[in-house]
Structures are given as structure tokens and as C-alpha cells.
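The chain below stands alone, shown as C-alpha cells; this is the form predicted alone.
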Amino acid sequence: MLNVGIIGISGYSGKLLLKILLNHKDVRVTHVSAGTTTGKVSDIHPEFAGKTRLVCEKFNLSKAKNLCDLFFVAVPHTKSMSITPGLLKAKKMVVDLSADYRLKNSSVYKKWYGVAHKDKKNLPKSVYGLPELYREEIKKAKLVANPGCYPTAAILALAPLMATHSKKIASIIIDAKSGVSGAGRKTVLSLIYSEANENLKAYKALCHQHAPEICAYLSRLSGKKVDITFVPHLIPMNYGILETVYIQLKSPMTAQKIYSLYQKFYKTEEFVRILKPGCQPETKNVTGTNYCDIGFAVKNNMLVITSAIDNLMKGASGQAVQNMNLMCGFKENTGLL
């Protein structure tokens, strides 16, 4: 039985991690903590009443490291790099849900997140936690950088094409839409019900911090530098991401060729579902699951790839558990089906 800790239990990702792990046959949650929130977990999240007696404390490394074999670090960006080094020094495995270990270049991190990276020593040791691309590396990893929600949907949508036909791509535009929970569990005026409901808006157009993450891993796939146009939108629903990717091709590809390419690329991937030509993914079909649904349409030199995920499942906590399963030798879908 693996003893697991969740650092950041008060947020949406931490809450969902606990929900998944309480039903995981190979795991026992032995520690939960948060930055400022304390008390019974059943008081913080009443849905756990009668399901757990765990008590949330402020994080204390000296105490926590003796209770767990693996930690999920579900804290805000820029906070994990102050916590993770101590866990790694104590020989603990870490799945980090923040952005702190996703970008290998510390100067790029500083540009997009506004602070200097505090743990350059461990940055090169992290493995990007997208199992469909880096499964073997994840199995050997001690530190996994769980991907962002937007990058998960975008990279999975583009990976087959980038890995095999990158020379045919002239440009990439990603129109992304996310439910409100993607911003986390915090009090922000633009996220309260009366502001977000019955409203749709773009935000951080051309300057969202997930853009360099998408570019970095698409570039790794293609073997050359890749640039994208990325515009995210906030939609008035709780969960879900839908991304519409517009790819200008240098020469036409048939619908059958694209479908065959994606089917072959993901043929062994349980959590990626390729829809038949003419079908498009819908957020309601992936809500509460760890699936990514991918569809497409093509006309002349324009290819449109669409992908849908639950931003808190495949976009965060579900994928984090998928990574833990790989790191610890469990069946990859344990707790997720």
C-alpha cells in the first residue's frame, strides 16, 4: 500500500485528488495540508463527511516526510519550487500540479511567471507528465511536472501531426475555451457567478502563460521550433475545455489520411478517443472522466482539429493520478475508471 500526501487540499485539484484516491485500491492518503486552511477535511469540503477523518494542517516538511512515500503538490504557480526540493531531498516521489517544473528554461519561466526559479537544480530532472508521449520516462521519474490543462488538450490534438507531418504545417491557431474552475478556487471578481454567468470573453490573448509550454513540447515533437497563436476564453460553465485548432497546411491532406494517422498514433492509448470523420467532441462527454476526445474537419489546405477534456481530470488531478500509477507500477487506469 502506497502512502500518499496531498499538499494543497483546499483547492479544486486537491479536492478532486482526494476523491479519486479514496477509491484507489493501492493507495492510502496519510497526509493533507494547505497554505492557510486548517481543520477537518469534512469541514473544508463537506462532501467528504463520513468518508474520511483526515485533518488539514499547515504544511510542515519535517512531519509530512515521515508520513508519505509520494506527494501531490497542488499549490499555486511559483509556490511549489519552495516545497518540492525538500521532498526530493527526503527521497520522496513528487507529482507537481503547478507550472514550476514544466518549462526547462528558467529564463523562460521567469519571463512568463514573473519570478526567478528557485530550484534550478531539480528543474532538469523533472519529466513532463503527458503519459501518451512520455510514458517510459514517467515510469522512472521521481519528479513529474503535471501538464497544464490547456497544453494537455492542445498537445494531444496536435501530436500525431507534429510528429509525422510538421513540414506540411504553415501556421497554427488555437482557440481555447475553459470552464471557470480552471482559474482555481479563489475569490476574484471576474469569476463570481454574477460576472461569469451568461458571459463569454477572451483573456490573456497572445500572452497566456501556457503558450510557451505548448510551443516547447510541440517543438520537441517536430524537431524544430514551433510557434502558435493562442487565445483562451472563459465560458460560463464549471468544468471542461474545448480547443479548436486551425492548421493551415502547405498542401492538402484527405480526411481518411488524417483519421488513419490519428487512429494509428493513439491506437494503444486508453484515454484518447478519436472520433470518426464528421463527429465533433463535446465537453459533456468527457466531464468527470480522464478522457480526451479528438475530432477533425478538413477542406483544401485548412485542417481543423478539436479536442475536449475535463480541465480538472485529464487537465489536472486525473492525469496526476495516471502519472502516479505509472511511477509506482500500478495499472495505469487504476482509480480512473
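Note that residue numbering follows the sequence shown and begins at 1. Just so it is clear, the model here is predicted, and its values are computed rather than measured.
The same protein also has a form predicted in complex with a small molecule, omitted here; what follows describes it.
S.K.: Is residue 13 part of the interface with the small molecule in the model of the complex - any heavy atom within 4.5 Å?
M.R.: The answer is yes: residue 13 has a heavy atom within 4.5 Å of the small molecule.
S.K.: Taking the small molecule as it sits in the model of the complex, is residue 48 in contact with it (heavy atom to heavy atom, 4.5 Å or less)?
M.R.: Flag for residue 48 set to no.
S.K.: Is residue 160 close enough to the small molecule in the model of the complex to count, meaning some heavy atom within 4.5 Å?
M.R.: No, residue 160 stays farther than 4.5 Å from the small molecule in the model of the complex.
S.K.: With the partner left out of view, is residue 76 within 4.5 angstroms of the small molecule in the model of the complex by any non-hydrogen atom?
M.R.: So residue 76 counts as contacting the small molecule.
S.K.: For the spot marked by 131, 156 and 290, is every residue within 4.5 Å of the small molecule in the model of the complex through some heavy atom?
M.R.: No, the candidate spot makes no contact with the small molecule.
S.K.: Quick check on this chain: which one of 312, 41, 303, 27 has a heavy atom within 4.5 Å of the small molecule in the model of the complex?
M.R.: By the 4.5 Å heavy-atom cutoff, the listed residue in contact is 312.
S.K.: Tell me the stretch among 78-86, 244-252, 196-204, 223-231 that has any heavy atom within 4.5 angstroms of the small molecule in the model of the complex.
M.R.: Among the listed stretches, the partner-contacting one is 78-86.
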